[in-house]
Structure formats: C-alpha cells, structure tokens
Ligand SMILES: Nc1ncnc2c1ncn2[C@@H]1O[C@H](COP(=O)(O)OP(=O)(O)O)[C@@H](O)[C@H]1O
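Quick setup: one chain, the form predicted alone, written in structure tokens, and binding and motion questions come after.
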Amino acid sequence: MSTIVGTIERINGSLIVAHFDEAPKIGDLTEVGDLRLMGEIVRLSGETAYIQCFEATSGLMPGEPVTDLGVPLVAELGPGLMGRIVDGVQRSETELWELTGPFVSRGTNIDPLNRGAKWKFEAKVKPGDKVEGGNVIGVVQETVSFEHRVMVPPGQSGTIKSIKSGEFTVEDVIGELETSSGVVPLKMMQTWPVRIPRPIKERLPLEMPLMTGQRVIDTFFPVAKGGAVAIPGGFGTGKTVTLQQVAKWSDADIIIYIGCGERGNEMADVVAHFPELEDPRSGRKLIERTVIIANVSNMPVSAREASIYMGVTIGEFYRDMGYDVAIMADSTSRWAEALRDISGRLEEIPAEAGFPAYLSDRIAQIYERTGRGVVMGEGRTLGSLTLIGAVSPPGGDFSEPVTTHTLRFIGTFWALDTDLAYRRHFPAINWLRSFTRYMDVSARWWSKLDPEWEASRSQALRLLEEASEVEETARIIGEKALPDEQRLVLLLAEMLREGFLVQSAFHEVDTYCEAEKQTALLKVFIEFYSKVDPLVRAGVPIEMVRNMDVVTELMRLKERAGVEPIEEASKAILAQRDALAEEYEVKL
C-alpha cells in the first residue's frame, strides 16, 4: 500500500479540493487535515482530487496535508461482525461510545473488527486438499444462533499446505495456501471493496417465497428469496415498523438492518429495542443473527451514501456462506438525497428534482446485487440476498424520481397509504396500488399447502377491487340505495380488511401468522361469501346476513391461535346459513 501526500486547496462543506504532486486514484480513501479525517476521492482532474469527507470538516484550513492511502473503502469481513451496531463506514458505535463518550471526536478511527478478540476456529480441511475461492476451510461458532464459515478469499485457489484448529484473532495466520504464484497465508478475516459486487458462481431462478408472517405481504404481495422490494410511503405510514416486523419474523437466516439517514430518535429506538427482541426461531436474542448499520440524518452525507454499499457487501459475504440474507434499507430516499448533495457540491448538471443524471444507474447497482444462486467454491451450496428498500417520497408523491426509478428494478411494490394509516389500518399497504412479480414462485409454494390458494387469493383481490368501485357510487347515492348484492360485496371487503389485512405488530397472537393459518383464514372468508351470496340473490335482506353471529367471529379469528377456531367458524357458517335459508324458505 503506497501513500501520496498532497495539500488542501479549497473547502466547500464536506467537499475538499486537494492538490497532489503525483496523480492519485479515484475511489481511494484519504486522511484529511491534521485531524486525519476519513474521506474518499470522488473526482479527479489531473493531480487535483475532489474528496468527500465522512466526517464534519469545520476547523480545517487550506494548506493542511491530505494523504491518499492507496486503497478504496473496504468492508472487513470475519468473526466479530455479527451482532454489532456499526456506522456507515463500519466503525463500531458501541466501541466509539466507550472510547470517546456519546459525542464522537472527529478523526477517531478504529478497526472495524476487534483485533484482540479470540475465536475458536475448527478446521474443516486438511493439508493436501485442493480448494478455490469460496470454499469453507473451517467454522467459528460466533453466536449460539450463528455459525461463521471461514472461506478462501475470492480469486484464490490452490492446495492447503497447512491448517490448524484453536483459538485465534482475526489477524492470526490459521493456515497456508499453496498457489501458482506462491504461498498465501490464510486468516479468518478478509476484506472487500464495498462498491464492487462479490462474485457468485451461478445465478438461479427464484423458487421460494420469503415468508414474513404478515398476511397482506405473504398472501397478496409476496417477495421471493433473492428478490427486491420497494416500500414507499409518506411520513407516519409505518415503513419502519413494517421493516422491523419483516426483520423479526421473516424466515431469512441473517438480517442486515441499515438505518440510512433516518431520524436519530428512530435509530435510537431500533438500537435500544432490537437487541432485546426474542428470536422466534431459536428463543434467544434476535441480535445474535443481525448486523445493524446506524447512520443517522445528521451524519455527513458521504458516510450515508456509503452505508448502503457497506450493508449490501456484508449481506453478500453471508450469502457466500450459503445463508439466506434479508437486508432492510431504511431509507433509500435519504441515500439518494446524499447522492444529490454530493453531486451538487461537485457542480454536476442536475436532472429531475435536482438529483444527478446517474441516479437510476446507482439505484440499479444496489438492487442488481440481490439474487439467488450457487455460491463460489467447488461443490458449494445455495445462498440468497433479498433487499427491502424503504422509500420516503416527499408528501407521499409516488411520481417523484426515487420511487419511479426504483420501480424499474424491483419485483414487489408495497405501496403504503396515508389514508389507511390515518384510519389506523396497519400495515397500511394499499391493495389497489401494490403489486408483485413473484406470483409464479409463490403459487408453486402455496399450492403444496393448499391447492385452492391461488383461486382464493384472486377472488379476494377481485372482491376488494369491486368494493372500491362500489364505494365510489355509495359516496354519491348512499350505501342503502345500493342493491343488496353490492352491499354484500362491501360487507365482505370490510370483513377482509378488518379480519385479514389489518394485523397488529403488538398483539401477542396476531403479530405473526403462520402460513397454514393464513390460507385457512383467507379460505373461510371466501367460503362465507360463496355460502351467503345465493341467499342474498334469493331475496334474504343484507341486514340479516350482516347480523349473523359468525360475521363478528370471523373478524376476530386472527386473534385466535391455531387453525382449530377457523374450522369451527366454517361449521358455524353452514349452520347459520341453513337456519337463515329455512327462515326465508330459500332452497339451496
């Protein structure tokens, strides 16, 4: 690693213009000024470098030294990363607190991975074995819930010359690899430039839905493992709570939560409560298989811009171990605003809403790093990386650039609705504006559980859409002026909304709904409609249908554990339907 020293010529907020005696490289990390602030070269003009600082630049003066470190921003990947809370450039927030107190001193740089901690390494290969990049050479039980698989770094291949088990730090040499260019030391830690995707051996079609336990997501707008999701919504529509619910309940092996430019109080809530959440899979703490990247809104924009890349790179590392990884990015709008800020300081020609012309390219770079496939290494397994990106459009305007560009690169769209949120309908996902492109994947999986699932889902969505049209008419002429057949559609839509779509994140039972209960619950609502529709068409007043005891019971089934109450409700539908038919002398 060779370094080049230059001097500061001009300071424009977080942008530093420095002159070097010899040409530096774009993308290199730098140490700026006497405080040695961390920065990154984002533009070159001959021997003049434009540097974005990852820290506040107040107090710097022209003439102070700038050192080009000769390496790009990299993620340190190895044991000790799981369960940590780090900032956008991978500095541990807890270690910074212990070192400097609650107000972090500028220029405080610490190693991303603890150099003193020792980990019990168990070798899985022996001398003479042939390996290549991605092959697992040993494991470390990093937490009770997570086994860290130590891999050969990408691009390396050869024969194991020596390997040893025992307790080591991440910098200790645990073995040697005989390659065509000589002997390479093997360590538990590897590094990777965050802006370059990690290689994958073969991309495969998506085959499994990511189950979240949230009915409106799993049943109506599912996402596949390895897919990409956008969840746009205005202020107060529940983006953060929805992401936290998915993080807690999804069947992903590893969770990466990126707080990118969010308000400090929101991230404080995540940092305070997330480590206390119980992992429903193991009964231990969820943090044991979670990495949190906390980069709040008052931190410099360049660190915010880097935080998404850092999170995705960490996610790719765990994917390469053969795990299913889910990344929650909250929010990509703040990341895009950081791009706009940097672009403005670089005096680039702005495009729509002031964003740089390359905004769509940068969004594509992020979402294209998702997927499912065979990971690197001979005889390796499958891994997947799913990205769920929150979007915060100003005023809830989905036509703004970040939302519209994101639509081109995602497979599922969970459109949060302000009106639904004001009515306390959570998750506030609008069933008329949302969509999914992963229906084939989900239908194959659900059909094994219930062959009639796809038909039930289609009919439920059709009834919800029809109810929306009927409501427009009802606003003009009043509901009581509608034909009873249309009023039945409104009743069923209300039952679906209250008894299926609304789900409380704070209810002991309703916070998570297993797949068997979801399909049984949806089926019983459709069954109710199919059973009472002939009665209404035969002249039974809609008020009599609405007053059936089973109507209230159906809307409370979501709060009952298991599927047994649903089966009992199904029998009650038949009994009460038959009683009503007998009363009005309707032949069925």
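For clarity, every value in this text was computed on a predicted model and none was experimentally measured. Numbering starts at 1 and follows the sequence shown.
The same protein also has a form predicted in complex with the named molecule, omitted here; what follows describes it.
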I need to confirm a contact call. Of 426, 274, 192, 413, which residue comes within 4.5 Å of the named molecule in the model of the complex, counting heavy atoms only? 426
Answer key, the named molecule contact in the model of the complex at 4.5 Å (heavy atoms) among 459, 504, 143, 418: the residue is 504
Taking the shortest heavy atom distance, is residue 241 within 4.5 Å of the named molecule in the model of the complex? yes
State yes or no: in the model of the complex, is some non-hydrogen atom of residue 236 no more than 4.5 angstroms from a non-hydrogen atom of the named molecule? yes
Does the named molecule come within 4.5 Å of any heavy atom of residue 176 in the model of the complex? no
4.5 angstroms heavy atom contact with the named molecule in the model of the complex for residue 269: no
Which one, 394-402, 305-313, 512-520, 227-235, holds residues whose non-hydrogen atoms are within 4.5 Å of the named molecule in the model of the complex? 227-235
If you look in the model of the complex, which residues in 317-352 sit within 4.5 Å of the named molecule (heavy atoms)? none
